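Okay, here we've got a single chain as structure tokens, the form predicted on its own, with questions on binding and movement later.
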């Protein structure tokens, strides 16, 4: 194991004790039940939304969200997405019959450059799938104006940015839907898990059906359930499949961990931000980009991006970090430019990754390094010394 990993101690002894105590119940239920419901309610309250639907991963949250969009736009259409994102954002679009339209990112926040959006929007645009990468806010007033004026959907991918804010309001509360990941390395972890959030009652019912085989009985609205039952008298009310759903439920064990981790989430976010501020203040700004927009940050990892293209310096940096047992990922969020990935090349013809120069620069000359609450100032100083040892 690396001395300085991407994440450390994210599942604590206290989390494990909570699981042990839960398992001592004589009638313990492990599949989705009351603890899942409690976690959904607690997360909704913390985030500031009406509905939250707990699923088995952030990727599942992405897939279900785009499946819901397909429910309203069965003819398909175009979805604007950054090439600097996780693979499931892109393949969820493709698998549901939509066309991804890529928009390059800004170095300031690693998110879609909103000044490029107008030229990307057509009459076929159905949605902007915005990724808030690495704990930075990707929203702008321009984006919110566009989705309102053009009457298109906004889906927020907040998988790496729990608690980050725009205009003092948490990300994940602005879009039609928002998605979170609770993977081991993220701000809050349920080992594996994810959440879909919305303020829309109808979306909530359909999302719950998509999560569980498409079943009507999963919908929360009694009125909606009864409508489906009345329109399908030939079917057993317990087995009406309203949509072509999946089985993407999580478990009570994951929810128990989530409830316990939520108690320390705000404190951990503050620690991560403090670490990131120290890291950035120690970087040589002539060599590495440091002018990130930190307003509303909820730092996920230390971002390290060369100002200039210098393969020799890049290779030396990687050698030094490997020798010092510092874990890193070249390409930052999602490994860099998704357009260079085999699955995109196979499914989309005639798309040139070099047409997205900022993302492509990050792909070859950008990194992220682990930031976590247990990381102390002495360790950050050591990491900075290794980074600058050219």
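Quantities reported herein were computed from a predicted structural model and do not represent experimental measurements. Positions refer to the first chain, counted from 1.
A second form of this protein, the form predicted in complex with a small molecule, is not displayed here; the remarks below concern that form.
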| query | finding |
| --- | --- |
| Residue 299 within 4.5 Å of the small molecule in the predicted bound form, heavy atoms | no |
| Contact test in the predicted bound form: residue 137 vs the small molecule, heavy atoms, 4.5 Å | no |
| Contact of residue 59 with the small molecule in the predicted bound form (heavy atom, 4.5 Å) | yes |
| Touches the small molecule in the predicted bound form: residue 170 (any heavy atom, 4.5 Å) | no |
| Heavy atom within 4.5 Å of the small molecule in the predicted bound form - the one residue of 254, 131, 204, 178 that qualifies | 131 |
| In the predicted bound form, the residue from 261, 303, 250, 88 that sits within 4.5 Å of the small molecule by heavy atoms | 88 |
| Region of this chain that lies against the small molecule in the predicted bound form, out of 88-96, 141-149, 241-249, 102-110 [heavy atom, 4.5 Å] | 88-96 |
